[in-house]
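One chain is shown next in structure tokens, namely the form predicted on its own.
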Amino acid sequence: MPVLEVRNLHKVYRSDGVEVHALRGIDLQVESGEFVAVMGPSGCGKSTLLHLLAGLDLPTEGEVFVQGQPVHQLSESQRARLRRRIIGFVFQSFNLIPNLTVADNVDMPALLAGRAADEVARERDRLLQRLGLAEKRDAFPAHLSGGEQQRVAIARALINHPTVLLADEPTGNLDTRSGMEVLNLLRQFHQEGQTIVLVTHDPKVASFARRVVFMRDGRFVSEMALPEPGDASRILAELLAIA
């Protein structure tokens, strides 16, 4: 059974009597342990797709399954519980709570899931140590660089050992160096078995995945499998040729 599956997914937004078709019949399967990048220009529907996968929004038509559970049929509270248990989400804008410390931001999803505070603290400290943030545990987000804030967001997304990690343009607000640090961390977690779906408009970011699906105007138009990390210049050339 795929970890993620969507069938004939449509999303229509309506504003002042005007319909905007963000997704137009998407089909996708993601197997356990895959690292999939969804690549396409701004406005093609990438983020809409990711939000539907996470249960942050509901489709106009079609089906979304996460570990076999029909997300499109769940209530808002059921979708929230699903996210806490098996989905981690990394936002482009970090989405950290400004008046909470790094430690409290990371702890929150696990505590909301009902885990014991001492267990959560041990797991959080392990993640912060690995992400180079151990000395920042008591800092507030405003005192962190963009790269540090995104690493905190990754720790928060991973604290509950999610089945799948969803990342929406995770380097979009970062400088080149910080972006590469984040991408290398995602690659490391993938190599340890983490399933990842990432959306991006940037071929350099997509080159870290092992499968790339290309979107345009709310549809998938092509896809390609990438080899294990190696000749980055050749991989980028292939991505640019298709994009």
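A residue's number is simply how far along the shown sequence it sits, counting from 1. It should be emphasised that the depicted structure is a prediction, and the values quoted were computed from it without experimental measurement.
Heads up, the form predicted in complex with a small molecule isn't pictured, but that's what we're talking about next.
In summary, the region of this chain contacting the small molecule in the predicted bound form, judged by heavy atoms within 4.5 Å and restricted to 174-182, 62-70, 37-45, 187-195, corresponds to 37-45.
Within 4.5 Å of any heavy atom of the small molecule in the predicted bound form lies no heavy atom of V221.
By the criterion of a heavy atom within 4.5 Å, L9 is excluded from the residues contacting the small molecule in the predicted bound form.
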